[in-house]
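Let us start with two forms of the same protein chain, each given on its own as structure tokens and named structure 1 and structure 2.
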Structure 1
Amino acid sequence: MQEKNKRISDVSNIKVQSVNSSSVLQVGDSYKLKPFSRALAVQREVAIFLGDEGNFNYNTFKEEIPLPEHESEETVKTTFINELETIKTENVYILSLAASSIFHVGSTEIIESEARIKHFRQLLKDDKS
């Protein structure tokens, strides 16, 4: 017996090229999904790598992410009318899931996704002046 307001997902074909950086491909119901990713992205004009560089001591990685406030005792009355019990899709094609993204076929209760990326560009100085 199906729970009230839950629907069945019917996907005939799923093709995903890559899943990386704490991303999730979930088929089936879940209770909680919490992907987390952090990265340093360095773009250099000249490819020189020292091997021991980089850390996550930047404010980008330390600052608290504000969450929307809600009144936990507030009651919201909702009504759902699902004319069909099944959500049907023939084909899904995804090139890439990255940086804590989620592709989910099914139901979940809680999603807490977080990705933090610090980008650097290191270019050569222009000596034309």
Structure 2
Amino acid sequence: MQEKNKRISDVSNIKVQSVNSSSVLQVGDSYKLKPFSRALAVQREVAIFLGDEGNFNYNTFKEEIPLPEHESEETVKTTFINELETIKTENVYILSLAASSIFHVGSTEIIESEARIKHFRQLLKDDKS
């Protein structure tokens, strides 16, 4: 049964090459999606990567992310009139879904995504110019 004020999504073809790091590909309705990912992005001139290095003990992964606040004095009463019950799409092609991202076909109530990335770059010499 279709919920009030939510339309039906009709997609003929979907092709997604890559879904990674806490990303979501959701087909169908959902209530709440809350993906969360943390990453240390290390770029090295010499490709040496040990499996057990690094930690998340940085401010990037601890600090609170501020959200914009709205302080409206009057309440807004919103009404949706859906003249057509469907959102029609033929073909969707997506190369990749990155950390904590969402591709959602269908209706949802709440999405709260969060991603935290800290970069490191390690080069050998400074005389590359």
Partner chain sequence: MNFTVVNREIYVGNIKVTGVATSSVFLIGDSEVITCSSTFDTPPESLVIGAITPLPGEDEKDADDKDAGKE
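When a residue number appears, read it as a position in the sequence of structure 1, where counting begins at 1. Note that the structure is a prediction, hence the values are computed from the model and not measured. If you superpose the two forms and keep the largest set of C-alpha atoms that fall within 1.5 Å, you have the rigid core.
By the stated condition, namely the form predicted alone, the first structure is the one that fits. Residue displacement note: residue 52 has its CA displaced by at least 2 Å between structure 1 and structure 2 (rigid core superposed).
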